[in-house]
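First, one chain by itself: the form predicted alone, in C-alpha cells.
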C-alpha cells in the first residue's frame, strides 16, 4: 500500500510537469575516480556487446542520467552527434559534474569536444532531450540513428516493447542497438525471495508502478518473443541469474555454467506456486535471467 501511495504522489507530480527527480543519479554516490571509471566501463561494454570498434554517425543514448561522459566517449570515438533522451532530469551537483568532465577531457584528450571549459553546458553536438518519455520521443520525430544504447533503463519504461518497435523503425540499415536490462525488483522487496515482486497481482502491481517507473515486470521471454518475430538479427546474452551472486561473462543461456543455471532454476521453482497468473506458464529458464543484454542489428538495404 505504501508503494501505491508513493506512485499516486508521483502521478500528481508528473501531472504538474515537474521533471526533476533522483532517478538516474548514478554519480551522486561516486567519487571522482569511480565516476571516470564507470563511464569508461559503460562505454567499453557498449562497444564490446555491439561488436564494433567505435560509434559513428548519429547515436541515441536512452536514459543517460546525471552525466554525459558516455556520450562524450562516443563523440571522441567518431560519432558526429549524440541524442541523450530522458523522461526525468536527474538531479546533480554541477560543480561535481564539472570535475568529472575535466577529468574525462584530460584522460581522453577531449578539449575539442567542448565549446569552452569542460562542462555539461559546453558539450558540442550533444542534444539533451529530457521531460519526454521514450515511448513518444522516437515515434514523434523523423530523426534516424546509426546506433541506440541504454543501460538499466528498459525495466523502468512503461511500454518497452513499443520503444523497441519505434527505435527499430528509426534505426538506419546497418545500425545496431544495445540494451542492458536489469530484470530484478530494484530493492522493492528487499530481504524476501528475489522474485517476490512477481507474486503481486497484475492489477495491484500496476497501481504500485504506473507513474513512478518502478520495474515493469516485462521479463526475458517477452523480449525474446518480440525479437523472434521482428526479422532482426539479434542475440540475448545473460549477464545475471536469479539468486546467483557470482559474476560471469555475459553469454547465451546454452553457454552458461550448468551449475549456476541449475541454482537459479531451483530458486524460480521454489516460488512458482505463488506467482501471479501472468507468469505461471512462463518457463523456469526465462524467469531465471536477472540481467540480460539485447543486441539488435538491422541488415543493410540490398
Ligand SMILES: C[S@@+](CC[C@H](N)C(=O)[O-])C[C@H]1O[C@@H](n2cnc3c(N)ncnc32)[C@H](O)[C@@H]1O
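Residue numbers count along the first chain shown, from 1. Here the structure is a predicted model, which is why all the values come from computation and not from measurement.
As for the form predicted together with the named molecule, it is not shown, yet the points below apply to it.
Undergrad: Using a 4.5 angstroms cut-off on non-hydrogen atoms, would residue 226 count as touching the named molecule in the predicted bound form?
TA: Outside the cut-off, so no.
Undergrad: Test of understanding: in the predicted bound form, would residue 234 fall inside 4.5 Å of the named molecule by heavy atoms?
TA: Heavy-atom contact with the named molecule at 4.5 Å: absent for residue 234.
Undergrad: Using a 4.5 angstroms cut-off on non-hydrogen atoms, would residue 62 count as touching the named molecule in the predicted bound form?
TA: Looking in the predicted bound form, residue contacts with the named molecule include residue 62, since a heavy atom lies within 4.5 Å.
Undergrad: At the 4.5 Å heavy atom threshold, is residue 153 in contact with the named molecule in the predicted bound form?
TA: Residue 153: contacts the named molecule in the predicted bound form.
Undergrad: Looking at 145-153, 95-103, 188-196, 73-81, which one sits within 4.5 Å of the named molecule in the predicted bound form if you count heavy atoms only?
TA: Comparing against the named molecule in the predicted bound form, the contact stretch is 145-153.
Undergrad: Check for me: heavy atom within 4.5 Å of the named molecule in the predicted bound form, for each of 205, 253 and 284, yes or no.
TA: The answer is no; none of 205, 253 and 284 reaches the named molecule.
Undergrad: Select from the listed residues 260, 26, 274, 52 the one whose heavy atoms reach within 4.5 Å of the named molecule in the predicted bound form.
TA: None of the other options qualify; the answer is 26.
Undergrad: Counting only heavy atoms, which residues in 79-93 are within 4.5 Å of the named molecule in the predicted bound form?
TA: The stretch 79-93, when checked against the named molecule in the predicted bound form, contributes 85, 86, 87, 88, 90 at the 4.5 Å heavy-atom cut-off.
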